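Below sits a lone chain in structure tokens, taken as the form predicted alone.
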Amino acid sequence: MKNKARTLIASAVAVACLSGNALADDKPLAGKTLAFVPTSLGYDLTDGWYNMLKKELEPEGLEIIVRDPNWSTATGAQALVSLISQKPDILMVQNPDVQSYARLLRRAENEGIPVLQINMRSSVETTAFVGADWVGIGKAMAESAVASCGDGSGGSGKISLVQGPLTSASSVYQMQGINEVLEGRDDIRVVSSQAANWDPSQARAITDTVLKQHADLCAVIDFWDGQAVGSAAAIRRQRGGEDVLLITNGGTEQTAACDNIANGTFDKYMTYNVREQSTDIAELVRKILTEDIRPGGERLDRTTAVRVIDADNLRDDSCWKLSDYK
């Protein structure tokens, strides 16, 4: 009887161990935490990343926590200080500019926390980056302006640039791409280059003034779709939206991108698809956490390909819908 009891106990332990291993296999990220500090929640990019990652990685056991600075760099810095002390397994950060969080990102990595930067780089390199090819986007926007406004196009050659914050990585690298295309061209004249700081009301005011000063303005290149709706409003008010090309970029959410292309608000749209970025982010998070990649070792970068969408190539599946992931 004693031997039989021992056999039953051993069998029960084996079954429990097998069950535990099966559960672990089902949830490979169980017990791991990802902390996310965006520039702000409440718009397509950040809500897209957050909701897509929750849908894909939470079933694998990952806990995702978010600290929303609501566009305040100081609040974001405070959130990072607090999170570093809490020691999440991975820290995901969308930088407001190249410098503000640099010291804190270095501190996090020095304390053993891998940092994944998304879409806008800091001056400090960290374990991973997923984001847009901003130089490529700048080139594509400038090439569209040249095609519509340069020699042989019938356009005046006059274009206006509406940037984001001048210290934002996306602004810095978009300008690099634009300058590479326009360098040495006498047929294109940049009549205005100003920062609207991601604010559509500032973009509208800038574009309104430029349109009054240049009746023959050919194109506006606005550095982000959320800001470009302000430029579009100014163009509609003064020109009816017909004779000034509006070129912008963004993460390809349906209401922010495809709807505005279909209704003529945007003429040319350079996309870094958030759906594709989220897949890349999830892949790198799994790799970092399951392979125990530590700061100071392997660098992991994923750059999102640039695509151009306009009324001619717009399709039903050109954009993703935030409502599908909430």
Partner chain sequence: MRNNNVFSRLARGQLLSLTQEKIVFLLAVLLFAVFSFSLTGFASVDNLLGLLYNVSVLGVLGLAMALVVIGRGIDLSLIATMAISVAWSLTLIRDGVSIEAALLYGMLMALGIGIINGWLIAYAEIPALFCTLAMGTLVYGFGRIALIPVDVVYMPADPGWFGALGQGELFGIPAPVIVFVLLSVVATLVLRYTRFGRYTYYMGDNYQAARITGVPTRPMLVMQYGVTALIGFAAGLVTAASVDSMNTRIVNSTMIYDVILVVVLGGIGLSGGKGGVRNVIVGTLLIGILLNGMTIMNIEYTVQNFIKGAILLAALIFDSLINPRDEQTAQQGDI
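Numbering follows the first chain given and starts at 1. In this text, rigid core is short for the largest set of C-alphas that superpose within 1.5 Å between two forms. Here the structure is a predicted model, which means the values were calculated and not measured.
Beyond what is shown, the protein has a form predicted together with its partner chain; the following relates to that form.
Novice: Is every one of V191, Q213 and A233 in contact with its partner chain in the model of the complex, taking contact as a heavy atom within 4.5 Å?
Specialist: Yes: each residue has a heavy atom within 4.5 Å of the partner.
Novice: Wondering, does T255 line up within 4.5 Å of its partner chain in the model of the complex on heavy atoms?
Specialist: Yes, T255 sits close enough to its partner chain in the model of the complex that at least one of its heavy atoms falls within 4.5 Å.
Novice: For E58, is any heavy atom within 4.5 Å of its partner chain in the model of the complex, or not?
Specialist: Judged by the heavy-atom cut-off of 4.5 Å, E58 is well away from its partner chain in the model of the complex.
Novice: Given that its partner chain is not shown alongside this chain, does L116 nevertheless sit within 4.5 Å of it in the model of the complex, heavy atom to heavy atom?
Specialist: No - in the model of the complex, heavy atoms of L116 and its partner chain never come within 4.5 Å of each other.
Novice: Does G226 reach its partner chain in the model of the complex, with heavy atoms at most 4.5 Å apart?
Specialist: Close contact exists here: in the model of the complex, G226 approaches its partner chain to within 4.5 Å, heavy atoms only.
Novice: Out of 192-200, 244-252, 143-151, 129-137, where are the residues with a heavy atom within 4.5 Å of its partner chain in the model of the complex?
Specialist: Of the options, only 192-200 has residues within 4.5 Å of the partner.
Novice: Only one of D47, E276, E283, E63 comes within 4.5 Å of its partner chain in the model of the complex by heavy atoms, so just point that one out.
Specialist: Exactly one listed residue reaches within 4.5 Å, namely D47.
Novice: Any chance the CA of Q99 moves 2 angstroms or more between the shown form and the other one, core superposed?
Specialist: No, shifts by less than 2 Å.
Novice: Rigid core superposed, CA of D199 - does it shift 2 Å or more between the shown form and the other one?
Specialist: Yes, the C-alpha position differs by at least 2 Å between the shown form and the other one.
Novice: Checking S160 here: with the core superposed, does its CA move 2 Å or more between the shown form and the other one?
Specialist: Shift of 2 Å or more: yes.
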